[in-house]
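Shown next are two forms of a single protein chain, provided one at a time as structure tokens under the names structure 1 and structure 2.
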Structure 1
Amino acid sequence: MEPFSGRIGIVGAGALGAFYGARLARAGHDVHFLMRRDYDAVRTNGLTVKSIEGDFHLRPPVYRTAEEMGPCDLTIVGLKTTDNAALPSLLRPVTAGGGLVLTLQNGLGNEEAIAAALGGGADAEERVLGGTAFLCSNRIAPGVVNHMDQGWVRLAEFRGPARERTHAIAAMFTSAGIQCEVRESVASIRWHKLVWNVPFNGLGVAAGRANTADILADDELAPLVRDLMGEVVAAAESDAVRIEPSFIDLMIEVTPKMGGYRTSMQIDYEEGRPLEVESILGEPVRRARKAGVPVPRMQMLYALVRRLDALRRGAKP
């Protein structure tokens, strides 16, 4: 399968979007970055990736607005879901030619949000793909991303089975040295990632700025991680997604290799930014509740993090 070729736009060039976009650009793909807070730094000094797989630096084309960036054949969305209200204004100019959109955002409901931003209906859904990225990376300075571990991507069509274009996009990531696999269900890849995201993102905030090493070293928190993962697996099954129990063991096994990793939600909380509490915690709880599946630990974690998020932002809990 030949890799996808065309003009690629990165919308949401934070730790995730900047890393994958930079890897694709280094591999020779035509990548364009929409940047807000890092625009001046990258325009002046370029984009730097510090990685366990080798550091590199490049000077990609960057834009302040979606209108300046213009239409793309494929737009990769790495925005935090807290910014989804901006999707219509961001995607309209870059998808004006009918381009595809791949969302690598966390949590549930992202493909639906993208399709709605494209105008809704079957035609919009036809242009949407979903993906999950298991990546340990942080933005450590303007225009500088630190890649500490992992990096693989899973892809699926929003509606229907995988197609030639799905495999072509996967081949594009593979050409950039990124392990990428195609799956037949976007719901499956999202629920699988939530097995890790729910406990470590949620507890990273609720347990008082606890990184992954802190959580696993705590005699009370470590067993809670496994319990929360079990509830995610049960909730996923109610959403027609089967997750093998051995997947929990795998997620717990790979986490210590990350060291004292701070999740994106923990960093956002510490820096006073809104949290992706609804997409990562709230929507899974709501789907479980609708299906009549008890997830008491997830419900408690969601309630705690939602309140902490509101209080930190000065909003009414």
Structure 2
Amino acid sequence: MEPFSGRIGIVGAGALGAFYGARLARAGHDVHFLMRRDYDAVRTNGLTVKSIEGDFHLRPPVYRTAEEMGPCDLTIVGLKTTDNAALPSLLRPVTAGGGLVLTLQNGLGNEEAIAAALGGGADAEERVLGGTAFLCSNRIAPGVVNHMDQGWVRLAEFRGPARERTHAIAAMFTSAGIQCEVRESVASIRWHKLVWNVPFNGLGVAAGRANTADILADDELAPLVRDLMGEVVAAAESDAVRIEPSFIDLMIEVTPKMGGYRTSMQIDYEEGRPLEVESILGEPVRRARKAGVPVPRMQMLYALVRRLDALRRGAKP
């Protein structure tokens, strides 16, 4: 399979978008970065990736607005989901030529938000792909990303099964040394990731400064992790996604190997940033509720984290 080729745009070039964009650029792809906070730094000093797979530096084309960046053949969205309200204004200029959009954002509801930003309907949905990134990376300074672990990607079409272009985009990632799996259902990819993300992201905030090791060492919280995972599996089923019960065992089994891992939500909370509470907890709860699936613990976790997030930002929930 020939790798996808064309003009690639990165929207939301934070620790995730900047990492993947830089890797693709280094591999010779034509990558363009939309940056707000780090525009000046990258314009002046370029983009630096410190990585377990080798440090590198590059001077990519960088833009301050979506209008300046202009139409892309494929736009990769790495935006925090708390900024999803900006999707229409960010995506309209870069997709004006009919380009595709791949979201690697967290949680549920992002493909829907992007399709709506593209104008909605079957035509818009057909241009959207979704995926999950298993990546440990941080922005450690303006224009500097630290890649600490993992990095692989799983992707699928938003609507319908995988097709030639899906495999071409996967081949593009592979050509940049990023392991990439194509799957037949983006819902399945997302719900599988939520099995781990709901308990550890949610409890990491609600239980106060709790990393994965803290949670697993607590006699009352550790069984709650398994209960929450069971609720995510039940909720997924209501969204037509079948998750084997053994997947829960696997998730429980791999977590201690991560040491005292701080989830993105815990880090965001501790650093006073808005939490991805709606995509990781709110939307899964709403889908379960709509299907009449009881998810008492998820619902409570959502209610608590939602309020803690609002309090932290000094807003009324």
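All values derive from a computational prediction rather than experimental measurement. Under this definition, the rigid core comprises the largest set of C-alpha atoms superposing within 1.5 Å between the forms. Residues are numbered by position in structure 1's sequence, first residue being 1.
S.K.: Is the form predicted alone shown as structure 1 or as structure 2?
M.R.: Structure 1 is the matching one, since it is the form predicted alone.
S.K.: Considering the change between structures 1 and 2 as two rigid parts, does the C-alpha of residue 172 belong to the same part as that of residue 197?
M.R.: No, since residue 172 and residue 197 fall within separate rigid parts of the motion between structures 1 and 2.
S.K.: In whole degrees, what is the angle of rotation of the smaller rigid part relative to the larger one between structures 1 and 2?
M.R.: That works out to a rotation of 12 degrees.
S.K.: Given the rigid core as reference frame, how large is the C-alpha shift of residue 221 between structures 1 and 2? Answer in angstrom.
M.R.: Looking at the C-alpha of residue 221 between structures 1 and 2, the offset is 4.1 Å.
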